[in-house]
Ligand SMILES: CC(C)(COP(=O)(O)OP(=O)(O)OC[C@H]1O[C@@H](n2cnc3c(N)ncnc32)[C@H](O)[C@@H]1OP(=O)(O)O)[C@@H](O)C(=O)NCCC(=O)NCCS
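What follows is a single chain, given as structure tokens, in the form predicted alone.
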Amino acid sequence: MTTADADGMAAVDEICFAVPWSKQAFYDEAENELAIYFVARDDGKCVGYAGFWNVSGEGGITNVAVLPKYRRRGIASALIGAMIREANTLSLGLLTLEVRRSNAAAQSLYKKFGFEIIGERKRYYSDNREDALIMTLRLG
């Protein structure tokens, strides 16, 4: 990810999430030394992205997003695989994320990569106060 990707990533976020990040947030992430993002493109256009923060030997996944018309084509799997490979390269101990309790499709995808539910965050999501499940993949 570079600052050139920020507008496209914000456009994907706007479609994929009830509470999307601002364009400025993506510009800030491009400059954040702790942030590592991967962008999926189709003919140069951003169609998905995924990223994490490398903090104290652990990776906190921020988002995994793919435009609806590009889903079920392996893009999210490729993005998650790229994050796992990078986390291993950085010798991180684990990757962790939060996922909506109602998002069974995402939970299934993460489980395919070995993520396990380790807890929950009550009323985590600001749009509807839905609980989040905490999922973690132990590395190394």
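Bear in mind that the values here come from a model prediction, so they are computed numbers and not experimental data. Numbering starts at 1 and follows the sequence shown.
Omitted here: the form predicted together with the named molecule. The next part is about that form.
S.K.: Would you classify E58 as touching the named molecule in the predicted bound form, given a 4.5 Å non-hydrogen atom cut-off?
M.R.: Result no; E58 lies far from the named molecule in the predicted bound form.
S.K.: Answer for E98 alone: is it within 4.5 Å of the named molecule in the predicted bound form, judged on heavy atom distances?
M.R.: Heavy-atom contact with the named molecule at 4.5 Å: present for E98.
S.K.: Would you please decide whether R41 lies within 4.5 angstroms of the named molecule in the predicted bound form, comparing each non-hydrogen atom pair?
M.R.: No, R41 is distant from the partner.
S.K.: Report whether the minimum heavy atom distance between F115 and the named molecule in the predicted bound form is within 4.5 Å.
M.R.: Answer no; every heavy atom of F115 is more than 4.5 Å from the named molecule in the predicted bound form.
S.K.: Identify which of I75, A35, L94, I84 has a heavy atom within 4.5 Å of the named molecule in the predicted bound form; exactly one of them does.
M.R.: Comparing distances to the named molecule in the predicted bound form, the residue within 4.5 Å is I75.
S.K.: Output the sequence-ordered list of residues from 14-42 with at least one heavy atom within 4.5 Å of the named molecule in the predicted bound form.
M.R.: The stretch 14-42, when checked against the named molecule in the predicted bound form, contributes C16, F17 at the 4.5 Å heavy-atom cut-off.
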